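We begin with a single chain expressed as structure tokens, specifically the form predicted alone.
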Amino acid sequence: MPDTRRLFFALPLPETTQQEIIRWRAENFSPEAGRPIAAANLHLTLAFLGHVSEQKEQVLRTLAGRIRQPAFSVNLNDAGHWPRPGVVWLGCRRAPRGLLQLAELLRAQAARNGCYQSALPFHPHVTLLRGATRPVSIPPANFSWPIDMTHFSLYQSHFDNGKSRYQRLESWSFIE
């Protein structure tokens, strides 16, 4: 689509956590399980915006900058497999209220500004593998990555040479 960018709001994961998750994934999933997501692309999506014009992007950035969200912690301590979209994911057994409120606010703002939002309920997760259309054995839930979230970000999704790359465009800090 001309003059648009593919955008989404997300919570970035610290680089050390990304590397720990990549090691854990390599130890627990066979190469045949699916296509692994690059460490730098691991994030927790809050609201997918789709292809957005520059004007709409500016409106959404302004609205995001007005959010006064208290900081919260996320504990990635659950995993699962969605066979239909072919996704293996990490998530939270109990999503913190702050995470759910932030995602709902961003999704509502996006919808009011013409960005399609799925009717499916929000399920906070980090995508580990794509193309996982066959049954995948999920390891026992004896893992945990607690993360103090300090900010959320707007990202652009680039698709080059068959690979996705995410570029952080702007971030907004949570209030203490």
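Residues carry their position along the shown sequence, with the first being 1. Since the model is a prediction, treat every value here as computed from it, not as a measurement.
FYI, the form predicted together with a small molecule isn't displayed, but the following is about it.
Just to confirm, with a 4.5 Å cut-off on non-hydrogen atoms, which of 113, 45, 69, 28 contacts the small molecule in the predicted bound form? By the 4.5 Å heavy-atom cutoff, the listed residue in contact is 45.
Indicate whether residue 109 is a 4.5 Å heavy atom neighbour of the small molecule in the predicted bound form. Residue-level check for residue 109: no, no contact with the small molecule.
Is there a non-hydrogen atom of residue 152 within 4.5 angstroms of a non-hydrogen atom of the small molecule in the predicted bound form? It does not: once the small molecule is placed as it appears in the predicted bound form, residue 152 has no heavy atom within 4.5 Å of it.
Can you check whether residue 61 is within 4.5 Å of the small molecule in the predicted bound form, heavy atom basis? It does not: once the small molecule is placed as it appears in the predicted bound form, residue 61 has no heavy atom within 4.5 Å of it.
How about residue 130: is it within 4.5 Å of the small molecule in the predicted bound form, going by heavy atoms? Flag for residue 130 set to yes.
Please name which of the stretches 138 to 146, 121 to 129, 28 to 36, 61 to 69 has residues with heavy atoms lying within 4.5 Å of the small molecule in the predicted bound form. Every other range fails; the passing one is 121 to 129.
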